[in-house]
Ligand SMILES: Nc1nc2c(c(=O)[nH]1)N[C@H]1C(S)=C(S)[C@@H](COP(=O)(O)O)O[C@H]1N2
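Below, in structure tokens: the form predicted alone, a single chain.
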């Protein structure tokens, strides 16, 4: 069994009480005050969890665990999230167990969290005063918009778009790759509302020599150095100009969750989620490939050619990850269930393929020896995941089974049954997802 990465509240406070208070009550935006007490924002967050106003909350010591929680050492929850498994707390990264991703539209409380730096202080975020600067060598008319101006000047679009961390599935690589050890839950497909990136760039006189974009966010580098960017990535101009590339201000009809980029973020569906910058404050159009933080070296790059596991690959032999590979997920039932051997078994899930659509999904209960074709729904729009289901599976006898799902994209490319080619950073694992079933 893999050791759990969840942490109980006592373990978290035992490591660093002040940092624990920051994480539990809202990340970097909820820092203990110099007097050693919680800020007003932290008290509000704690009150929400405890179910009522904390009387005399301004006197609550920042390093103290609330008595209502002190008798429990259940893994802590991130504010606004439910059931996520925390992989790292500096920066905050958390994934969603597969069975909690069963909704066709991913709810806000079930969308994974992937941060490279520290989020801006939540009590410093005022959507009415938030600004977005459009600049760069390939912008003829640099402009700064307030968020209200963006909403007023440009047409709104609502699309369901899949975002997935480039390292989703990293935990299965051997030898292990460094980084957050994601299993399968760093993916989601919420409904995003915003304005098209294309419309904003063109309104600022996008030049013909533009070949790439780049973004800058208000998250801060882990070192605290204001001169360093936590992450600053981008996409080729053709991707930026697609109808589905949005500057989003809402998710599922409400404000974007704080840990997912409130009040403004990019969404470039089908590509690594690192291209969908959060807390975005500036977007540049460039006449060269963007060279911001996490764009160079081995970050979000894979070898240009197959390599043996454990190989050291020179930076010049690495290529930038673009469209994500075909992949699927079993979201129902939960792995580990028991099922009566004489009863028909049904399961379902989602499938996606980066910039492409999914053509087929197949399911196996005999470790890939034979496959049954599932019913596959069309996407609600381009770059949204697709839902699949299958009924009537029967287990021939009592015992242990694994249900495997395998998707095939529109070009005929199939998921590998076990693992794809190894790479130094553990990106792009799109092996078949599998769940355990005990037939009784």
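All figures in this text were calculated on a predicted structure; none of them were measured in a lab. Numbering follows the first chain given and starts at 1.
There is also a form predicted in complex with this ligand; it is not shown, and the following applies to it.
Of the residues given (270, 234, 169, 217), 217 alone sits with a heavy atom within 4.5 Å of this ligand in the predicted bound form.
The contact residue chosen from 276, 162, 106, 331 relative to this ligand in the predicted bound form is 276, the criterion being a non-hydrogen atom within 4.5 angstroms. Between 200 to 208, 147 to 155, 252 to 260, 239 to 247, the stretch whose residues reach within 4.5 angstroms of this ligand in the predicted bound form through a non-hydrogen atom is 252 to 260.
Contact annotation for the candidate site: 111, 116 and 300 all lie close to this ligand in the predicted bound form (heavy atom within 4.5 Å). This ligand is not shown here, but in the predicted bound form it comes within 4.5 Å of a heavy atom of residue 265. Using a 4.5 Å cut-off on any heavy atom, none of the residues of 317 to 332 reaches this ligand in the predicted bound form.
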